[in-house]
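This text opens with one protein chain seen in two forms, each one given by itself as C-alpha cells under the names structure 1 and structure 2.
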Structure 1
Amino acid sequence: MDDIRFAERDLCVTEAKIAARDVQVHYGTNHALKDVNVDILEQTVTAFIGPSGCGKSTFLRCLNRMNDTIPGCRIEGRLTLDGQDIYDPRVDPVQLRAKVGMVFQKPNPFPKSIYDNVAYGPRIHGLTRNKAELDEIVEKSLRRAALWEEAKDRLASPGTGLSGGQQQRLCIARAIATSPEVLLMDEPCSALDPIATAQIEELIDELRAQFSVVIVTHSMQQAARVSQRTAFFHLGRLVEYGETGQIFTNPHDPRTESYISGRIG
C-alpha cells in the first residue's frame, strides 16, 4: 500500500508545475509553516488566503527561494519546479528567480528609466544579443503588462514618475521580461486604488494564458474574482486547497468556513 501511495505522489509531482511535499519552515525556533502539501497547476491562477501571519507569504517566498535571504530561516521537505528540486545545491537561486518571477505588495520600480526597468532582467541574464532584441523584449513585456500605450512615448522617463497602478504594471512587465514560467504576486493590489486594482486583476486573468500565477491576497473577493484554485492557510498550516468555487461555497473544513464567513481572521 505504501508503494502505491508513493507512486501516486510522484505522479502528482510530474503533473504539477510546482509541487510541495511536507514543507516545513523555521525562523530560528519559530515553526512558521507545518506540513504543507500542494500542487500548483500550469496556466492557472492560484490564490493563497488566510489571516495575517498565517504563513501564506512565507510559503510564497519558498517558491523562488526568497527566504534564503533571511538569517536563521530553515526549510525542510521537497519543492519541485517541473519535477526538479529547487533546493538542490546545484540550483542557482538567481537563475531560479528568472523562471519564477515575483511582484511585491508595494510597487518598487528601480530608480531608472521605464525602458531600463524592463530591460534589467534580460540584460543581467544575457537573454539578448543586441539592442534590437532588447527593444523587442521591452515592448512585448510592456504590452503584456498593458502599459505600452501609456509608456511608449516616455520610455526614457523615470519609472518612479508613473502613477501607483502604472508602477505596479511596470513591475509586472519587469518580472515577465525574463520569460518566467511562474509569476508570484504578494498582495499586488493592496497599495492601489479600486480602478488600478481592477486593471491589475484584469491583467492577471490575461497572464494566466502564459504563466502559472500565484497570488497572496488579503481580499477574499479578489481571490474569488481572479483565481481558479484557492489555498486557505491558518496558523502555519495549509488547511484546505481546491477549486475556488468549491472553497468559497462548499468548504470541507470548518475552519475554512469560519474564515470565509468572517468568524475567524
Structure 2
Amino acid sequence: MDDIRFAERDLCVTEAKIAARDVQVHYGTNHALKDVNVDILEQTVTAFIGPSGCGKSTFLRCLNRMNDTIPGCRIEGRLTLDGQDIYDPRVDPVQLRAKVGMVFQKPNPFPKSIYDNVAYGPRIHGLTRNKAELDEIVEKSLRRAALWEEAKDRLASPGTGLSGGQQQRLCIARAIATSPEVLLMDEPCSALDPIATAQIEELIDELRAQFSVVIVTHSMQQAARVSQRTAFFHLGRLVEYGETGQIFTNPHDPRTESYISGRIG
C-alpha cells in the first residue's frame, strides 16, 4: 500500500501539494498577512524564514486551519491541498488536520504519560487494531524523534515532566505518529542542543521521502541544511520564494539579502 503511494508520488514530484493564492489574514484590524502566493511541493522540505512577527506562524496555521480557533481571525484568498479548497465549507477541519500535522512553536505536551501523548493520535484515528501495533507506533515515533533512548524507561511518567527540549521532541513524535501527509513544524529545534537538532534534521530529511515538510526556523544554517525551498517573509508579505540555494547565494530581493546577511531583523 505504502509502496504504491510512494510510486505515485514519485511521478508527480514537482506538483504542488499545497497552493496558496492571494492569502490575506486579519486578526481583527491587524492585517497580518498580505497577498501570499506559495506552492508547497510534494516530498520537499520548505523553510519559512523571516524576522519575528512577520507572519510565519500565522501562515503555517492557515495551512491546517488552526486559525479557526482564534476569535477575530479572518482568512481570505484560496488555499488548496491536492487541488481541493481547504476553506471550502464542506471540508471538515478535523479530517484536514489528520492529513496536515503540526508541531507548535511552544512545546505543548498533554498532561498525560509520554506513551499516551504519542498514542493519542493513532487512538482517535483508529490507526491500530491492538496494543502491540500501538506500542510499535509509539516506539517508532519516539525513535524517529530521537527521544526513545531517554524515554523508554519512563513511558508511563508524565510528558510534562520532561525538559523543554525533550518536550519539543515529544511533540514531534506525537505529530508524526499519525503519519500525516504534510507536516508543519514551527521552530521545532528552538530549544534543542546541537545533537538533538542534528537528529531532528535527519528525521526531517527522512520524512521528505513520504511527506512534504514545512519548517519555520530562525537559523539560516538550518534552513540551508534541511530545506530544498525557502520562503522569506517580511512584514506580512512573502518577499521571495525559491530554491534554497538560490535564496541563500543569489537572492533577487535586496530585503532578502539584508536579512540573510544579518542586516535586518
Partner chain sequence: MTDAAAPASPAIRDGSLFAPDAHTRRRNAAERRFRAYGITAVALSILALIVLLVSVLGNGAGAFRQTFIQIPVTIDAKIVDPKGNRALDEMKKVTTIGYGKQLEASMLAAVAAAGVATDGLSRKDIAGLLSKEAAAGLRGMVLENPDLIGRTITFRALANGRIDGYFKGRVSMDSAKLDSNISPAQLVLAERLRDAGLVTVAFNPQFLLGADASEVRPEAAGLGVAILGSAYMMIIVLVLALPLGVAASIYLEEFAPKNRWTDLIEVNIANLAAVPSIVYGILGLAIFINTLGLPQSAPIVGGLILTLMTLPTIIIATRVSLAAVPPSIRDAALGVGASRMQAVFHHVLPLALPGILTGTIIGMARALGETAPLLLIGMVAFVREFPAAPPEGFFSPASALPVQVYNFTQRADPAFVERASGAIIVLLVFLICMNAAAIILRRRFERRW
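Please read these numbers as outputs of a predicted model, since none were measured by experiment. Here the rigid core means the biggest group of C-alpha atoms that line up within 1.5 Å when the two forms are laid on top of each other. Sequence positions of structure 1, starting at 1, serve as the residue numbers.
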| property | result |
| --- | --- |
| Chain form predicted in complex with the partner chain, by structure number | 2 |
| Is_shifted residue 87 between structure 1 and structure 2 (CA, 2 Å cut-off, rigid core) | no |
| Residue shift check between structure 1 and structure 2, rigid core fit, residue 184 Cα at least 2 Å | no |
| Residue 167 CA shift between structure 1 and structure 2 in angstrom, with the core used for superposition | 4.5 |
